[in-house]
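This document starts with one chain, in the form predicted on its own, laid out as structure tokens.
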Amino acid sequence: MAQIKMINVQKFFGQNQVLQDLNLTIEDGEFVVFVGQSGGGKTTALRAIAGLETITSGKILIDGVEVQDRKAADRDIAFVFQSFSLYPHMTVRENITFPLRAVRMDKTARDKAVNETAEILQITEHLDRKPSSLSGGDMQRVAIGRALVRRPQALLMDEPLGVLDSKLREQMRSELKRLHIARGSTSVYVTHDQIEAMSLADQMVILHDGVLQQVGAPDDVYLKPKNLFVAKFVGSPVMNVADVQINGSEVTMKGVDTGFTFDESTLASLAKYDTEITLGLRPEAILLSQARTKGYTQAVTTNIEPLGSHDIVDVRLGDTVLRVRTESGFVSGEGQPVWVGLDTTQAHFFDKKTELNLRGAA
């Protein structure tokens, strides 16, 4: 397995810069997930590590050895694409064996490696079948098996679950995590799905317009976003944001006469920003009551999304609509009066100019 380093990596396509001064260390044995919006640079970064994309400047090191000038075949990296890319005329066994034949491994060693890989991926019973007879999930297992069978230094995956239906995606997420733990391989994974990223990653790497926004464990990224982009990108539903004014120990949203009371020492350091503050609140940080409650402000419900285990309720508070997570059936319908409170310990404040988190950033 291998440590991977990207040092001051820049990548241009013509005049368009898609990676800007990317500095990143992926430790040996980590499962790292690149996540971000389409066009953010995550696939380009992955392909640069693999050698499928040349970088404009900077260095890429694998186990301390510079590889940015090496061909993909000379980096000992395996790559799994979104499409299954299997040979349709070959059996599963022949597909998985193919990279071992390319390096002229003897038959006994080949058979052992293929059988071990098939057992780990739970596809032993499919070894003599053609890809066309397999489900989408099993075909992706075969593609992963073909990548893993020669035990590369790192496994790179570009949205490998993107073509699967939601049930298979969930199943394969669990399988990939189990496989990573069993093999202890360095794994780098690209997705635009932040739920997929949070469920798989040891470390999340969030890119936006080619710029690294934050690197951290899923819990840290969710609870301590470094800036407004991360706060709004990670989480479902996304973080609520509202322009506010701070007066002493009160934080007031636009269009509302009464404010929410915070610990005054918490707000003291923010006073200099005056009106240049954005408040950020996760849906679970907003508290609803159906009765008048001290410290709460009256609002009205505007929409309800029943999701089985819980509901997402939209409430209008002055000029702001907040999305709130509640127990299922807590609110009976739209237009209902409710009272809104805040868990102030979970509140975030962002500088409107820099969009940096002014409180609680990792």
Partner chain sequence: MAGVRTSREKWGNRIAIATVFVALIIMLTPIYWITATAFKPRNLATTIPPTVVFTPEVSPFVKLFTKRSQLRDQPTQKEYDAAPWWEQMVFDGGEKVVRNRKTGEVRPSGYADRFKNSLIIAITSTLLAVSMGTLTAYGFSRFKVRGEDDWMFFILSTRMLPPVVVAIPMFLMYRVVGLNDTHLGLIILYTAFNLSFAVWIMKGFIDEIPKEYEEAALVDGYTRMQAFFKVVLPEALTGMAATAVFCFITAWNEYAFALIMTTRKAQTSPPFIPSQIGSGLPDWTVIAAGTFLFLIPVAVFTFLLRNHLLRGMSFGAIRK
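What you see is a predicted model; the values in this text were computed from it and never measured. What we label the rigid core is the largest C-alpha set whose atoms superpose within 1.5 Å from one form to the other. Residue numbers count along the first chain shown, from 1.
What comes next is about the form predicted in complex with its partner chain, which is not displayed.
**Q** Heavy atoms within 4.5 Å of its partner chain in the model of the complex: does residue 291 have any?
**A** Heavy-atom contact with its partner chain at 4.5 Å: absent for residue 291.
**Q** Hey, in the model of the complex, is residue 102 touching its partner chain, heavy atoms inside 4.5 Å?
**A** Because a heavy atom of residue 102 falls inside 4.5 Å of its partner chain in the model of the complex, the answer is yes.
**Q** Taking its partner chain as it sits in the model of the complex, is residue 47 in contact with it (heavy atom to heavy atom, 4.5 Å or less)?
**A** Looking in the model of the complex, residue contacts with its partner chain include residue 47, since a heavy atom lies within 4.5 Å.
**Q** Considering only heavy atoms, tell me if residue 52 and its partner chain come within 4.5 Å of each other in the model of the complex.
**A** Residue 52 belongs to the contact set for its partner chain.
**Q** Go through 134, 270, 86, 285 and name the one with a heavy atom inside 4.5 Å of its partner chain in the model of the complex.
**A** The residue in contact is 86.
**Q** Give me the residue from 150, 208, 169, 224 that has a heavy atom within 4.5 Å of its partner chain in the model of the complex.
**A** Answer to the contact question: 150.
**Q** Given that the partner is absent here, state which listed stretch (67 to 75, 252 to 260, 112 to 120, 179 to 187) has heavy atoms within 4.5 Å of its partner chain in the model of the complex.
**A** In the other structure, the partner sits against 67 to 75.
**Q** Is the shift of residue 91 between the shown form and the other one large enough to count as movement, that is, does its C-alpha move by 2 Å or more after the core is superposed?
**A** Yes, because once the rigid core is superposed, the C-alpha of residue 91 moves 2 Å or more between the shown form and the other one.
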